[in-house]
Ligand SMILES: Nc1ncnc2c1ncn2[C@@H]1O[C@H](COP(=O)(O)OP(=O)(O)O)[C@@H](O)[C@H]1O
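Below sits a lone chain in structure tokens, taken as the form predicted alone.
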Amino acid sequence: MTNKEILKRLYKIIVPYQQKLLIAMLAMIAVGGFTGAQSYLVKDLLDKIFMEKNIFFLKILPLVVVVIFFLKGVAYYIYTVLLEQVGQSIIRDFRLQIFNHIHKQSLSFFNKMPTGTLMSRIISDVTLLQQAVSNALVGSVRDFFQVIILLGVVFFMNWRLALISFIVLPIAAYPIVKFGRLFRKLSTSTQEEVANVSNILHETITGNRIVKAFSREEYEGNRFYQQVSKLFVLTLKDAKFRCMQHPLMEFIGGGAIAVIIWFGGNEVIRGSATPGTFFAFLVALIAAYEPVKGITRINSTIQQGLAAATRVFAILDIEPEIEDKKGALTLAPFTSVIEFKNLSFRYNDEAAVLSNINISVPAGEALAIVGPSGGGKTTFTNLIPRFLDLKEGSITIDGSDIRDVTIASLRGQIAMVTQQTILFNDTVRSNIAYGDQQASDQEIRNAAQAAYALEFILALPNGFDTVIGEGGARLSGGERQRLSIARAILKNAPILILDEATSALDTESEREVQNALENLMKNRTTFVIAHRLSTIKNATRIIVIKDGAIVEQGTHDSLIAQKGEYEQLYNMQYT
């Protein structure tokens, strides 16, 4: 992505704040103008007061200086506050945009994109982008105006000496361009390493129990050390180049001042210029050179921001694989039948995970799905809420193809309880009400009671207002699962998907959770994936999926009698 393309896209982000930026820019011009006035006052200070000993100027100049410094301070305050507002607004807008865009993606996106990388994009890269836009990029505009105004003052006072500045500025511009390319390259590498640091942090913190169980603290410490060492080398390299810029620019500026002193001194000695004019000229030129040096200081920030923008836009340019089709309808409340017709599915160019699935599931049926690992059971259920999208065949709900209805209306009629219980670091109440934010306290309590969770909830320190920790860390496995069941009960969706909801529990917890699940399944069309076949004996119908195809279906007793795949699976567990 070229700089022009990046700046064009950044401009679209800035457009809503262009009025504030315009005011900030006018304030910057005012600051530049007052800086020029300060430089010009040196001429009258030397010539009128110290050389001519003019009493009038002695009385008036201090007042003029105070007024100029005051107005410059006001203008400075206005543009810095406005830039801060714009910068923080840009951070907020970008983070919201990336967050919302990420959550529109399909499951395959999250399988490919490490969590730490996404966190780095939202937190680190957006911050660098904000610094580039509100501080560095706009600061460059401020410095540009200041240089133009001060050069105008310089030309007004002595155009011959001013021509020297046109020799100095191109020389000063060369290291800016040269270092800019280096900073851009270093920033890209640095942010990639920052993302890798975030990945290791996320993995080791969320997986701390495994790290401790296998006594791998030292190993993880060494792995983290190697990663932060890579980041350290890149950061230090960037710092060295930044530190090199300043003395180089100082040397170029010193050489220019030496030349001006020589030429200007000759003019004063010959009487072509007054000492006041020369010193005012020198002050104005030094003041004009400061913004040029400032550009070199912020050049690193600008290049980091542009590199960060490239990474941020790369995420935003990923089109969601699953979206509402144009003219998608709202799915009517489910009442009749869910049909799978000629359903086949494959991941990318891999072998088919599901092949030619044909089955009808009437409302109210509890359909259990069993089979060997890797047979396609989870893929089958993930297709129903469009976590994955169909390529061959169709799934219809009461005759409506799920691809023809809105995703929100489809998922609004589906509740899920999975083996991996996902809870949030919030209160018990908020976790249960996650699917229905408008639920009353009594409805939340009733859902908890139906999920056999009320007793342990009331025993918590703050009852329903207890914060349960990240992932429900303060609760047992059975308690976490019953909370997720209460959440599904409260949602009151007509279609229910249970993905190995009891496989990770001990016998006692399983019994409690199974009772809660029976309450949840009442009057609902349920798809149950279960490794423990004892939990599905009472299912209305059981289908056996092997190598992506339905090889058997029927009740528990009829499948046992067939002495086929189901019986083999059953005997493996109980004989």
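Start at 1 and count along the sequence shown; that's the residue number. The structure presented is a predicted model; accordingly, all values stated were derived computationally and were not measured.
Although it is not shown, the form predicted together with the ligand is what the next lines describe.
Which of 432-440, 331-339, 235-243, 374-382 has heavy atoms within 4.5 Å of the ligand in the model of the complex?
Selected stretch: 374-382.
Which of these residues, L367, V353, V211, L316, gets a heavy atom within 4.5 Å of the ligand in the model of the complex?
Residue within 4.5 Å of the partner: V353.
Of the residues F156, Y225, F424, Y347, which one places a heavy atom within 4.5 Å of the ligand in the model of the complex?
Going through each option in turn, the one that passes is Y347.
Give a yes or no for N111: in the model of the complex, does one of its heavy atoms lie within 4.5 Å of a heavy atom belonging to the ligand?
Answer yes; at least one heavy atom of N111 falls within 4.5 Å of the ligand in the model of the complex.
Is any part of 396-413 within 4.5 angstroms of the ligand in the model of the complex by a non-hydrogen atom, and which residues would that be?
Residues within 4.5 Å: none in this stretch.
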